[in-house]
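The chain below stands alone, shown as structure tokens; this is the form predicted on its own.
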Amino acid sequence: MSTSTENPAGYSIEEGNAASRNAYNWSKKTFQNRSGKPGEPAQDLDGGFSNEIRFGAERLGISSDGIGTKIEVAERLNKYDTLGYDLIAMTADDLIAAGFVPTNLSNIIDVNHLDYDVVDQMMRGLHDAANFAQVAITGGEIAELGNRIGGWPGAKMNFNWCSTAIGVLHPSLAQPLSGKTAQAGHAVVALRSPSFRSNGYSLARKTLQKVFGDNWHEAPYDGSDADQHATWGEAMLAPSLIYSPGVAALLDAGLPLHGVAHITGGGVADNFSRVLKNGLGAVLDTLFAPLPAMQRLCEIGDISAETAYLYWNMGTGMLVVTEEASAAAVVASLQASGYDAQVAGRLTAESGVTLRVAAGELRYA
């Protein structure tokens, strides 16, 4: 079963990937500016979740990202104190996926007009998330851009929020994690995601708008975990879980990691393919079950399993490649750090990613 260039979200993942590759190719032409100098970028991490910059013997990682259209959910609910977890998760977890332990973050808030109380909620949440991830917020800016920034008309303040984070390569690693040392037969450990994280909201919002109308955020939520959320807005605003402390603990313990995939836009297969080097593939047959909200959206929006697994994490937020003999210890360490983790499958000598889920077998080239 292959993915399609068209999708109900209203945009093309393949076109987005192509644009990103083109942008990176232009960026890579500037690497020569720092060749042999402090800040020299790595030349061999194409397609990874973050890149490496070198300052003498010190090897740092850098990653930039934003929250995306999840911001509209916060605007609709007038609740902004959880978005910081999404902002940090998007960059910190990209860093740890390459073996960089997140250390510092700078953020930019572009607003139509300033609302002190909204920004206070946002920054309070960012403070809490930074404490969880053990990251220092060491830079930022707020810019008032008037009608250049839009959003939900009923919001106190429309805004966009992005960040750049840096981290230091874990001392146990001789080089960033990229999947290059992975081998067929290695185990894949999954970490459960309790939310949509900060991806796939264009498809989710489009579906909810179609089913419930303009005020979809007020519609009663009827997923199997309805005891946790009263409305669809509350279900969609659930914050991202930050995985970087748990993966850092694996490295602290000396457990062998050969690749880590942060499951964001593009779903399990697209993101995991970034660490499948040397023609390797994977069969993932014991992933976590999709979240109840995702299952319910598929039902009410007539969304196929192929589409859902392409745009949402479907209950799995990170995949870790380790040796078969260490898989149980990796799972135990992650559970001790407070995460739900389980062995999800194995790497194969044949290329391609196969997902065996309740909806059937999904194959991605």
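The first residue of the shown sequence is 1; numbering continues from there. Keep in mind that what you see is a predicted model, and the values were worked out from it rather than measured.
Another form, the form predicted together with a further copy of the same chain, is not on view; read the next lines as being about it.
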Review point. Would you say all of Gln183, Asp252 and Asn271 touch a further copy of the same chain in the predicted bound form, counting a heavy atom within 4.5 Å as a touch?
Key: no
Point to revise | Listed range touching a further copy of the same chain, judged in the predicted bound form by heavy atoms within 4.5 Å, from 285-293, 253-261, 212-220, 121-129 | key: 121-129
Review point. Do Gly301 and a further copy of the same chain come within 4.5 Å of each other in the predicted bound form, heavy atoms counted?
Key: no
Exercise for review: Could you confirm whether Arg148 comes within 4.5 Å of a further copy of the same chain in the predicted bound form, counting heavy atoms only?
Suggested key: yes
Review point. Quick one: does Glu306 come within 4.5 Å of a further copy of the same chain in the predicted bound form, counting heavy atoms only?
Key: no
**Study point:** 4.5 Å heavy atom contact, Ala187 to a further copy of the same chain in the predicted bound form
**Key:** no
Check your understanding: Which residue, Ser172, Ser106, Asn78, Gln175, has a heavy atom that falls within 4.5 Å of a further copy of the same chain in the predicted bound form?
Key -> Ser106
Exercise for review: Determine the residues of 148-170 with a heavy atom within 4.5 Å of a further copy of the same chain in the predicted bound form and present them in sequence order; the list may be empty.
Suggested key: Arg148, Ile149, Gly150, Gly151, Trp152, Phe159, Asn160, Cys162, Ser163, Thr164, Ile166, Val168
